[in-house]
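Next up is one chain by itself, shown in structure tokens, the form predicted alone.
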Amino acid sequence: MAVVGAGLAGLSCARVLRRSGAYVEMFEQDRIIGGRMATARIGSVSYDHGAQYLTARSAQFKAYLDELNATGYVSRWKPHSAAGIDGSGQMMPWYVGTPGMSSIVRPLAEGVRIHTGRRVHTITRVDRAWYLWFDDETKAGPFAAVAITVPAPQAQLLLGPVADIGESLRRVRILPCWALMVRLDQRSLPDQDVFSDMSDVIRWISRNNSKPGRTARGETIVVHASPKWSREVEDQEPEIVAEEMWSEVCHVLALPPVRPSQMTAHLWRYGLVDQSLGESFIYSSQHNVGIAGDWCLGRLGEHAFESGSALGRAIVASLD
């Protein structure tokens, strides 16, 4: 079996396939796995620059988080609020990976052969077997089935040989999101760990080192820009975006003049689902190919986990 994309959806799909006894190979275009669950490391400092926390609405995902909690891979996060109460305003408990969000996907990768830095640009089917083609003109295969768990626009390009599936992805809309990672030598933010919807530019500010298992002198901060502003400056240089975002943060939080010792911006080109597919996954038993991702159901990490797991079960059932 082949899984394209090693984010939470792809890894949860791979776990289901692996537990069924299948041999699974994963192909990820980035150098690290996890997608938006990844943890960025700049020097000796780490940042959760993608997903900030997880919640669990379904019994299936709650069971997975409980499993991670028991083994130390996740902890409950109760950020200090404006009212001075830890965890206030949380309709559901917030969970974070420890020591970084990337810990959430590590158990899913067990027993799976993962190839990083391998961008799949074409899939072809020959004699009921699938082959994957890469940028360096090499290929992998044959595979009995393929699970595609990359963002919808990229999945649509890969699904050229299966037009009936690819066409259904046209209704999915995913917006960009600029993320800013900042390290300050001295504690400078107000006595609050999370700020949301601060301006037309800034959607989220968090004190990253307030999360369990993080250690840093001074403080580390993660900022997410609004989708609208991110789209307007999508093609700007990261250094320019970083300066503009930090200037806006200083303005909305009324910070004293302070120059970060680290400041880096990263564009999540497919960062926020605006219009989902409205189905858990799509799988063609005729072609033995399917798609999954958070964007199938919504925008939450839980949606990615459920979508990938459901696709894995569909593949297993079709090949029994």
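Residue indices: 1-based, along the sequence shown. The structure presented is a predicted model; accordingly, all values stated were derived computationally and were not measured.
Same protein, other form: the form predicted in complex with a small molecule, not shown, and the subject of what follows.
Chemist: Checking a candidate spot here: are 45, 102 and 202 all in contact with the small molecule in the predicted bound form (at least one heavy atom each within 4.5 Å)?
Modeler: Negative, none of the three is within 4.5 Å.
Chemist: In terms of non-hydrogen atoms within 4.5 angstroms, which of the given stretches 27-35, 64-72, 278-286, 247-255 touches the small molecule in the predicted bound form?
Modeler: Heavy-atom contact with the partner occurs in 27-35.
Chemist: Are any of the heavy atoms in residue 97 no more than 4.5 Å from a heavy atom of the small molecule in the predicted bound form?
Modeler: Contact check for residue 97: no, nothing within 4.5 Å of the small molecule in the predicted bound form.
Chemist: Taking 4.5 angstroms as the cut-off for heavy atoms, does residue 151 touch the small molecule in the predicted bound form?
Modeler: Contact check for residue 151: yes, within 4.5 Å of the small molecule in the predicted bound form.
Chemist: Is there any non-hydrogen atom of residue 263 lying within 4.5 Å of the small molecule in the predicted bound form?
Modeler: Residue 263: no contact with the small molecule in the predicted bound form.
Chemist: Could you tell me if residue 272 has a non-hydrogen atom within 4.5 Å of the small molecule in the predicted bound form?
Modeler: Because a heavy atom of residue 272 falls inside 4.5 Å of the small molecule in the predicted bound form, the answer is yes.
Chemist: Identify which of 80, 118, 106, 214 has a heavy atom within 4.5 Å of the small molecule in the predicted bound form; exactly one of them does.
Modeler: Selected option: 118.
Chemist: Quick one: of 123, 181, 177, 172, which gets a non-hydrogen atom within 4.5 angstroms of the small molecule in the predicted bound form?
Modeler: Among 123, 181, 177, 172, a heavy atom within 4.5 Å of the small molecule in the predicted bound form occurs only for 177.
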